[in-house]
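Read the single chain below, which is given as structure tokens and is the form predicted alone.
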Amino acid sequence: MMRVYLDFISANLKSQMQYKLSFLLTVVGQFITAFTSWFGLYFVVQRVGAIDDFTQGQVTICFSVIMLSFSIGELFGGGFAVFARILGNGEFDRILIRPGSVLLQVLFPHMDFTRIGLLLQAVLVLGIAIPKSGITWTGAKAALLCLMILSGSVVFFALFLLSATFSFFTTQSLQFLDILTYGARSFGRYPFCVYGETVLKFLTFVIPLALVQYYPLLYLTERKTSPLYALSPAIALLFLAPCLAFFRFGISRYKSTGS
């Protein structure tokens, strides 16, 4: 069965590479335009010196973690961006009668490989930020940084899944839900504490993005030494469970559009 899923990915990549120059220009365009956000952040921190006592390098760590997490989450969750179309044109009906995972059949044929441009930009900025962060890096802290990115990717993937699931009940995508994904990516350029206590609590207990960005950063910079801050990205992984449950509930209530 895994061979079938790999064939889905291969066919999808080949279709996107049919026009190689267009694909390359899209990747390069995403790589370049992503720097506009970083330059804006760079000049703001240069002007004020620090944000809530976080230095420029530490703020850039926040930026890189969120951008990396978003790009990976969107790369694998690209099928959710067109999920309303999949429901509307009858493609989902065909998925339901095939053997195998419904979720994987939605995802693998619709992965957007042009997001590699955004991913490469985030990796480059992270490479610039690490030596300038003032953090005393150890093997444990490096592992925590990897866990932050992994957990953040899962959280963004879950947010794309959550947004797509509403299409079961509306048959159309709800654009205002983009605030949970693209909006969260924009907010994540800075440590989430700068938005106030109410927003920080929301991003801790409802949408756990602070668990993969702000709290582990406190541990990395040794502002907090409790192991709980280091474990917060692992706790954030639990967010995927209710999103998957909601998706299964949506499938159980699905009614074909008849297309």
Partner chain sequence: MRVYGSIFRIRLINGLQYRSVALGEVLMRFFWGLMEILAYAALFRTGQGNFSMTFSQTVSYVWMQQVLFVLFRVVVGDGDIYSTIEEGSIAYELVRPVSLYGRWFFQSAAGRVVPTVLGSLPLLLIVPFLPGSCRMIFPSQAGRILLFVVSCVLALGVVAAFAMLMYISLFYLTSQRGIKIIVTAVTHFFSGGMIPLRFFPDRARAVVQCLPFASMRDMPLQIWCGTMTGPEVFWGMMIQIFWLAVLLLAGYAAMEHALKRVVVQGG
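Quantities reported herein were computed from a predicted structural model and do not represent experimental measurements. Residue numbers count along the first chain shown, from 1.
The discussion below concerns the form predicted in complex with the partner chain, not included here.
The listed set 206, 50, 228, 234 contains one residue whose heavy atoms approach the partner chain in the predicted bound form to within 4.5 Å, identified as 50. Using a 4.5 angstroms threshold between heavy atoms, residue 187 counts as touching the partner chain in the predicted bound form. In the predicted bound form, the partner chain lies farther than 4.5 Å from every heavy atom of residue 128. Interface membership of residue 141, defined by any non-hydrogen atom within 4.5 Å of the partner chain in the predicted bound form, is ruled out. In the predicted bound form, the partner chain sits within 4.5 Å of a heavy atom of residue 114.
Stretch-level contact analysis of 133 to 141, 176 to 184, 119 to 127, 156 to 164 against the partner chain in the predicted bound form, using heavy atoms and a 4.5 Å limit, identifies 176 to 184. Residues are counted as partner-facing when one of their heavy atoms sits within 4.5 Å of the partner chain in the predicted bound form; in 188 to 227 these are 189, 190, 194, 195, 199, in sequence order.
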